[in-house]
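The data below hold one chain only, encoded as structure tokens and taken in the form predicted alone.
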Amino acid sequence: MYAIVLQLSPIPLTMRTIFYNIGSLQTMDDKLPISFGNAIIVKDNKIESIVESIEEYESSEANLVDVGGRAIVPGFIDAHNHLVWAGDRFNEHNLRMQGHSYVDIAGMGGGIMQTVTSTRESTDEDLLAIGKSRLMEALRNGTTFLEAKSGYGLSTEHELRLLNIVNQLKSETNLPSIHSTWMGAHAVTPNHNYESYTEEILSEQLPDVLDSGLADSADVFCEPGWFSIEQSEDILRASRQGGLDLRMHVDEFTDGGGGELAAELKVMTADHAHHTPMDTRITMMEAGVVTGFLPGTPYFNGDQWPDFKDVQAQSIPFSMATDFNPNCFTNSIPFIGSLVVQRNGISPYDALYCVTRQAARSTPRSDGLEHGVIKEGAIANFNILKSRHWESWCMTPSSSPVHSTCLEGQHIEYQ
């Protein structure tokens, strides 16, 4: 289990904290995109202002943090993360190398059901510890906010259990904040087919999830061989009627029409979208749907990359996220950035936009504060990098580029 040591500066949130001697500051704010030598003033969890000089504050009771000429970028937002589950499936890559497909491996007793079994057999205490460790790892890699899905319970009892564990993790301090997503519509257990399980979801599981108040969003794995277009639409419409925001897994293995449904329903984000046709991507954009690319998935599975450059050429904005799960074992947004910058020709700025400003569109904070940007009034979430160059955020795939983090106004140093 991954563990790190955090050193928290015990500064009252009512006192100003001033981060100064900044090497380069990439704010992701159109009004002040990049500057040198500025200082960030933080108070009450928020960014109070960005100033050129700290002379007027040097005699005050403000807490001064000399960042040593290092660069600062916004805190990363992981907009697609399967956070809580147990067990591992590292053997499956070897099976894929032998020619077995995702569907083949599921039929052999692997895949999602193997993780479901391991998760159900784990205690609440174990799952809570697993989730906390993964959140600490994500934070060490600069993630200050993430979306956490259920989906490895696949019954009313076990899905509510996972949502409860995520809710407990939300109350933990000095860890990334969480947007909680119910994904009971992830797969089916052997005692169900997709028709019977969809009926159970609509009649039992979803009503109980809504009554619990534990979920912010609903997600469905809409893919040929999993939940059909019709089943996905029924679940998503019922979820929206119950007050949940909508997310989707679409077109991961083939063009199954998920993108068209995403556009029709105007969901917040349609993720994977690996095989979504370009005309559908444009329709999604026009409907306000965020395309969510998950570069780690083709990397770990040995698949071809999505058509990032073609999508950019059509001026279609997209987010990126880790897709942390048993077959995509990374909680590092900087690693995801490295994949698209160093292997797919995306600029460091555009990649950073995808995991900050664009990710904030699909994964908002429950308190309504702006995040994914360094500007006056936004939440004080930002990363102090090890380098004076802000571009370094995506240039060290084997280690974290983050020296320390301002999380919800508190300065956290890593040892």
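Keep in mind that this is a model prediction, so the values were computed, not measured. Numbering starts at 1 and runs along the sequence shown.
Although not depicted, the form predicted together with ligand NIG is the subject of the following passage.
- Taking Asn141, Ser177, Gln205, Thr297 one by one, only a single residue has any non-hydrogen atom within 4.5 Å of ligand NIG in the predicted bound form, and it is Thr297.
- Put simply, of Gly131, Pro306, Pro326, Gly153 only one has a heavy atom within 4.5 Å of ligand NIG in the predicted bound form, and it is Pro326.
- Each of Ile112, Phe221 and Glu252 places at least one heavy atom within 4.5 Å of ligand NIG in the predicted bound form.
- Look at 261-269, 308-316, 133-141, 78-86: in the predicted bound form, residues with non-hydrogen atoms within 4.5 angstroms of ligand NIG sit in 78-86.
- With a 4.5 Å cutoff on heavy atoms, Arg281 does not count as touching ligand NIG in the predicted bound form; it lies far away.
- Of the heavy atoms in Tyr194, none are within 4.5 Å of ligand NIG in the predicted bound form.
- By the criterion of a heavy atom within 4.5 Å, His274 is excluded from the residues contacting ligand NIG in the predicted bound form.
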